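Next up: a single chain in structure tokens, the form predicted on its own.
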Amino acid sequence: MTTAPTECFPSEEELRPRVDPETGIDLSLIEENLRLTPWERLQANADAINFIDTARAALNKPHAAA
């Protein structure tokens, strides 16, 4: 079995998101979303709404009797 060299992987510190110390808000998520165009943000929101609608419909669907 071979293992990849550890220098290929980021450190825990590099993986830790930037968080505003005053509010606790994950700034990396805001930065990532601001890199998107307005159209891409609208598409991402539409995808989230579709997922929620699908999950909600699945919860309301009758399940088979055990």
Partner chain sequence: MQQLNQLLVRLLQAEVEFVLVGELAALVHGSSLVAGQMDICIRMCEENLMRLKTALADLLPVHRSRPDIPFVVTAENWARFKNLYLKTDLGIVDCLGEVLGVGGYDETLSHSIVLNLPIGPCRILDIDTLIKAKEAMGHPHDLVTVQHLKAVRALTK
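No experiment lies behind these values; they were computed from the predicted model shown. Residue numbers count along the first chain shown, from 1.
Not on display, but discussed next: the form predicted in complex with the partner chain.
*Distance check, Ala46 to the partner chain in the predicted complex, heavy atom within 4.5 Å*: Ala46: yes, in contact with the partner chain in the predicted complex.
*Is Val19 close to the partner chain in the predicted complex, meaning a heavy atom pair under 4.5 Å apart or at it?*
No, Val19 sits far enough from the partner chain in the predicted complex that none of its heavy atoms falls within 4.5 Å.
*Examine Asp53 and determine whether its closest non-hydrogen atom to the partner chain in the predicted complex is within 4.5 angstroms.*
Although the partner chain is absent here, Asp53 would touch it in the predicted complex, with heavy atoms inside 4.5 Å.
*Taking heavy atoms and a 4.5 Å cut-off, does Ser11 contact the partner chain in the predicted complex?*
Ser11: no contact with the partner chain in the predicted complex.
*Members of 24-53 lying within 4.5 angstroms of the partner chain, judged by heavy atom, in the predicted complex*: Result: Ile25, Leu27, Leu29, Ile30, Glu31, Asn33, Leu34, Pro38, Trp39, Arg41, Leu42, Gln43, Asn45, Ala46, Ala48, Ile49, Asn50, Ile52, Asp53.
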